[in-house]
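Following this are structure 1 and structure 2, which are two forms of one protein chain, each written alone as C-alpha cells.
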Structure 1
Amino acid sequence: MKKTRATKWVWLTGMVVMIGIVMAPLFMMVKYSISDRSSVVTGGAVIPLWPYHPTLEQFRALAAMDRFAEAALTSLEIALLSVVISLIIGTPAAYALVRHRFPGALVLATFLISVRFFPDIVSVIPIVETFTTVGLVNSVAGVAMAHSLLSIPYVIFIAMGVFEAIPRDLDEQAQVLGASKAYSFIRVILPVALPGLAAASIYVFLLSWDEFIFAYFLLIFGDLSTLPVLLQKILSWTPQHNLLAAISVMLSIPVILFTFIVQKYMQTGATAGAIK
C-alpha cells in the first residue's frame, strides 16, 4: 500500500515515542549503575541525566560483597538444577507426545502445556506449606523444583516443535537397522535435536534466573537468596539508587545476552500456544 506523507510522519513519531519509552528505563538503569554518589544524593538539586563522574565503584562494591556473590551463586545453582530437572523430565515426554500418537495424546499434551497458565501466586502458598512439611523450604532444591513446575510445560512445548521438525524416517531407519526405541531416541534423535534443546534449556535457565515469586516465598525467612530476592531485600534497607541499579544490571546482562542468542525460541516460548 502506498504511504502518504502524513502516515509517514505519524509512523515516524510513533516509532520515536515507542523506542524512547522502551529505552528510557534501560538507559536509566545503566546511568544509575555508573553514577557516583554526588549524582545520586543531590540534596534536592536536579538529578543529572548523565553522572557528573561516571564510575564503576558500585560494581567493585558488588564484587567485594559476599551476599551478592552468594546470591549470584544460589541463582546459578537453582537455574542449572531446574534446567536439568525440566529437561530430563520434559524432553522424553515431548518425544512421546510427538512420535506416539496414541489416543488422547493431544489432550494430554494440551493439559501438560497449559499447566503454565495456572497462576503462580495461587500455587505459591500451598507449595510453601507443603515444602515446609518436607523440609524443602529455604533450599536450592526446593526453589529449583518449584521453577521446574513452571518450566516443564515450556520444555515440552519447545521440544515438541523440535522433534516435529525431525523426520520420522530417522527413528524408523534406526529401528529397522536394529535399534530399540530407547536407543534410537537417545543415540539418534537426541543428538539431532540438540541445538533446539539447547535453546530450550537457555530459556528455562532464564525463566528461573529472573523468577521472583517462588524464590521470594520459599527463601524469605532463610539465609539463602537468589539475585531477585536479594534485590528486594536490599530495597527494604533503603539503599542508594546506584547500588540497586548495579545489581539490576548484573541481573539483566545474562538475560539480555541470551535473549538475543535464542530470540527465535524466546518468541515461540513467550507466545507459546498463541499461534498454532
Structure 2
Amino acid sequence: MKKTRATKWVWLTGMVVMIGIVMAPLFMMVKYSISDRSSVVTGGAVIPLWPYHPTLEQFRALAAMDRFAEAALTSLEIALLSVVISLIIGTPAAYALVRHRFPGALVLATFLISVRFFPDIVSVIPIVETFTTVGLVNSVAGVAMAHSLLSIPYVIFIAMGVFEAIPRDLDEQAQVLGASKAYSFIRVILPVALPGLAAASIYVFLLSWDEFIFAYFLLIFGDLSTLPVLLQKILSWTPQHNLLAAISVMLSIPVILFTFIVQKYMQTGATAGAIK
C-alpha cells in the first residue's frame, strides 16, 4: 500500500513539474504582452513577476496597425488554402498507396516522404524560379501551393497510417452492396478516417502559419506579407519585449481556435462508420 501511494505521488509530482515547464513560457508571454513600459524598462531593477500596471496598450496598437491586420488575414488565407490543397492531394494518394498495391508502391511512398529530408532552403530557389515563370509570386495561391509542397508528404504519411488501421471489410462490403470505389471512399472510408485527417489538417495549418522562408522569398517584391514576414520586419528596429509578446499572443490565438474547431470532427469521426 505504501509503495503504491509513493508511486502515485511520484507520478503526480512529475505531472505538476511537466505542466509547470509547459505553462511557464505561456505565462511569460501573456505577462509581457500586458506589461506597461515601467514593468519592462526597469532601469536595472529586477523585472516584476507581474506587471505594475497591466494594460492592453500593445494589443490596441496592433489592432490600429493596418499592416498587421492585412498580414494576419493573408496568413489565415494561405494556411486554410494549404490545408485544403494538402488534404485534397494527400488523402487520395495515401488511400491509393494503402489499398491498391502495385509494383513500386513502397518505393514511391518512401520517395514522397523522403522529400522532407532536404532542408527548405535547398528547394526555395527552384520553386521561386518556377513560380515566377508561371506568375504565382506575390500571391496567396503561390505561397499556399509552396506550403502544400512541404506538407503533402506529412499528410500522406499520416493518412497512410489512418487507412491501414481501417478494416478492408468496409470497402468490400460497400462494394458488395453496389457502391463504386469512389463512393465507398467518399461516403464510407472518409468519415471513419476523420480523426486522423483532422490531426493532419492541424499539422498543415501550423506548418503554414509559422512558415517563413517560402513566404519571404515569394512575397519579397510585393505588397502582401504574412505574419512571420511582418515580424521579421518589426524585429529590424528592435521593439520592446511587450510588443513582441503581444504579437506572439496574437499569433497563437488563430491556431488555438482552429484546433478547437477541428477537434469536433476528430470526436465525430471517432464514432462514425461501422461494419455492416
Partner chain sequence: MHYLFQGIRKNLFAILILTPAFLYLAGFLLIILFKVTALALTEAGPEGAIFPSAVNFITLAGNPEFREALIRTVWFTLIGTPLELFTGIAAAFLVVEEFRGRGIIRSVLVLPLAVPAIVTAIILYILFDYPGGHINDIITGRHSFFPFQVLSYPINWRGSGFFALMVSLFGKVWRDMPISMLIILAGLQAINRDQLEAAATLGATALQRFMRITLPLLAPAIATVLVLRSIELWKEFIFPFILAGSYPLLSTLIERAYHEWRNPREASAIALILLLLIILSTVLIFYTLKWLRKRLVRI
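Residues are numbered by position in structure 1's sequence, first residue being 1. All figures in this text were calculated on a predicted structure; none of them were measured in a lab. Each form is matched to the other, and the largest set of C-alpha atoms that superpose within 1.5 Å is called the rigid core.
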Displayed copy of the chain that is the form predicted together with the partner chain:
1
So with the core overlaid, does the Cα of E70 end up 2 Å or more away between the two structures?
no
Core superposition result - C-alpha of L12, shift between the two structures, Å:
14.2
